[in-house]
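There is one chain below, alone, in structure tokens, taken in the form predicted alone.
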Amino acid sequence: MTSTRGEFSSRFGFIMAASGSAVGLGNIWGFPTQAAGNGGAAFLVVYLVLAFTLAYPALMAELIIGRHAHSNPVRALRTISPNPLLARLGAASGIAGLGIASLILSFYAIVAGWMIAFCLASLMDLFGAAELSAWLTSFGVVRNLLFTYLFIGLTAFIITGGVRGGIERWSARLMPVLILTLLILIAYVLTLEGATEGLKIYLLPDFSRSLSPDLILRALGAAFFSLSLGVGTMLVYGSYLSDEENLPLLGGVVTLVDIIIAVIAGFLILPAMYVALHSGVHIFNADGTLISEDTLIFTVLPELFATMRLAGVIVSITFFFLMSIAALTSSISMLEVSVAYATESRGVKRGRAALVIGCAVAAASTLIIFDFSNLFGLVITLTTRYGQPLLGFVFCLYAGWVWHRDGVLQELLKNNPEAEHGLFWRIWPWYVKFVCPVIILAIFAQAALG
């Protein structure tokens, strides 16, 4: 079908957009350090298994619901509900998803603004503007507000272009640049002294930890959150897919691309940390554990770059440029969730919706910045530890229990007459019905009790 509300023009465009949504700051800075601190390659193996046993089925739940309804999460969950009560609950869950996606974007934009500021600071170092560079890297209200607004403005600008002219167009440009930049940085960092030690930490498995409940739950969480599940971003992107596309295949490709980029990022971050250690920069806490991801990005790596002189300035510009792109490709999908609802369910024009919602997100970011010590961590905890897993649980319930099995099958048969006899249909329905909800609740319980 040809959708008047917008549709991806190609498989490549969708894969780049969906992968861009999945590949964010957490994949590049969080996953490698999680792996290093949880058994190295043992964590990698468990993560790879769980990405396809949890993340892929949960992703397919969102994609199938979205493509069937060709609408935003609120209307989509209402559409597949068999009675008014479940329709109201589905709509309420969709509204909650809009709010959580917007709140995630409100703190994400602050961190992304730091990335842009640090990139510009390195550029100022190149031109000898030391004072301006120092201001760009200092933690201040004015700097935080300025670059947060800049980042939200960039995101809203892309969204105003629509599905093809905005989301697809820019994702198809930014994602190849991100991958190429990542590979260039890896190639350079691996030539430096100390990089080999970081590779060993990352790639040599500690199998004594591979079956520990804590490692498995951490890998489960990494797999779930790495695909931007639970807030409706993938549901919205699925709604922009043609009925002719093979959903299980596309979902598998997106999952694979996300995993590959997360794993490849480890070949940059861990070697860079040990290059820093070799250069006299501290990378361990007092208890011997690796430092946290935010300290790594904004303290350790800049200290490393400073020891490399001119080469360090170039590497710093490139690295923070990479991180800015990763942030932007993710933020596009977060804003699109609310914009899709405003345009389809409230009749607001896309440009106005992007502006108004972008301003609302900016207002939330402003509140966080002015009370950073109290609100920043609180918003992250409420949205990513509690809200996201619970909404992911709801999406799986609606795909597995609420939506009639025949309706799901008819959706898959649109482009594949043999879908009923394929491996996907034999496994996925019962898996998303029984296994995924239990696993997601385990992630939620770990977050709540940890």
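On a predicted model such as this, the values are computed, not experimentally measured, just so you know. Numbers for residues come from their place in the sequence shown, where the first is 1.
Below: the form predicted together with tryptophan (TRP), not depicted.
The stretch that touches tryptophan (TRP) in the model of the complex, counting heavy atoms within 4.5 Å, is 330 to 338, out of 315 to 323, 330 to 338, 168 to 176, 195 to 203. Just one of I159, A262, V189, L229 comes within 4.5 Å of tryptophan (TRP) in the model of the complex, counting any heavy atom, and that one is L229. Residue in contact with tryptophan (TRP) in the model of the complex (any heavy atom within 4.5 Å), chosen from T233, T155, S106, T255: T233. Tryptophan (TRP) is not shown here, and in the model of the complex it never comes within 4.5 Å of any heavy atom of A442.
Shown alone here, W114 lies farther than 4.5 Å from tryptophan (TRP) in the model of the complex, counting heavy atoms only.
Interface residue remark: I15 is not counted as part of the site for tryptophan (TRP) in the model of the complex, having no heavy atom within 4.5 Å.
Contact between F225 and tryptophan (TRP) in the model of the complex is found at the 4.5 Å heavy atom cutoff.
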